[in-house]
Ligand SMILES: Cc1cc2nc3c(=O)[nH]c(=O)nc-3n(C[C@H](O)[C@H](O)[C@H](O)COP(=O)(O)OP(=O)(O)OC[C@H]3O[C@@H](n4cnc5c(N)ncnc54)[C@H](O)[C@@H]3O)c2cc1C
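Single chain ahead, by itself, as structure tokens, in the form predicted on its own.
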């Protein structure tokens, strides 16, 4: 018989996870569309009673985002400029109604290649807090998402938080999304850029692209090309000439692989310029 449970404490939820296999229900914005009209056959663990999983707190070493924190919570919370890309991505997660209920952890656990929140969290070097009744562990986000709809989450575990190290919550950031229309669209390609500028020079760069590989990827070659560049230099040339071997775009109804590859470079340029406060959209092809 299918079971439904709505625990009120994390310990109660973890105890249930250790007893049986459950599908975790949070915002439900991916859960219910995936279920469709099919009858429920899995046990359902509703975590919406776990108030301690929602909210953002600053500790001495991290910014900690609770698993049930919504995208609207992200937008409204005062955060450093390094989080601007994440706030911009939050505004792209479906409609406002979806943003009001969809959880950050749900976006990660759904593990879609087009998950809007992932590139912006990757450039912040975010990690995922995983807990079971027996132990807790932390895993870099880039290692947690294994592929399309696949994560490293174990059956008895649940995501309880996403953490951003304070040392990475520095600089400015921007997020750029390319879709077939302006609103309510799945990305053809998207990019997040976080830059640290010192004395007019890019001291550090973190660049990630989503929707152009099975999981969002950091672009090490582009990052290396940007480091040490004066902010007034020809950054377009640096980005366009840098290797982006990390990407392996597919062809689908939204665009060909070749188009995605070219689009990725274009939106990386735009994200870099936006992170620097340069909003001229005229980018070389």
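Residue numbers count along the first chain shown, from 1. What you see is a predicted model, and the numbers here were worked out from it, not measured in a lab.
The next section is about a form of this same protein that is not shown, the form predicted together with the named molecule.
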Contact assignment for the named molecule in the predicted bound form, among 75, 168, 114, 201, heavy atom within 4.5 Å: 114
Candidate stretches 191 to 199, 75 to 83, 210 to 218, 90 to 98, one within 4.5 Å of the named molecule in the predicted bound form by heavy atom: 90 to 98
In the predicted bound form, residue 238 touching the named molecule (heavy atom, 4.5 Å): no
Partner proximity in the predicted bound form: residue 246 to the named molecule, non-hydrogen atom cutoff 4.5 Å: no
is_contact(residue 65, the named molecule) in the predicted bound form, heavy atom dist at most 4.5 Å: no
4.5 Å heavy atom contact, residue 259 to the named molecule in the predicted bound form: no
Contacts with the named molecule in the predicted bound form - residues in 71 to 107 whose heavy atoms fall within 4.5 Å: 71, 92, 93, 94, 98, 101, 102, 103, 105, 106, 107
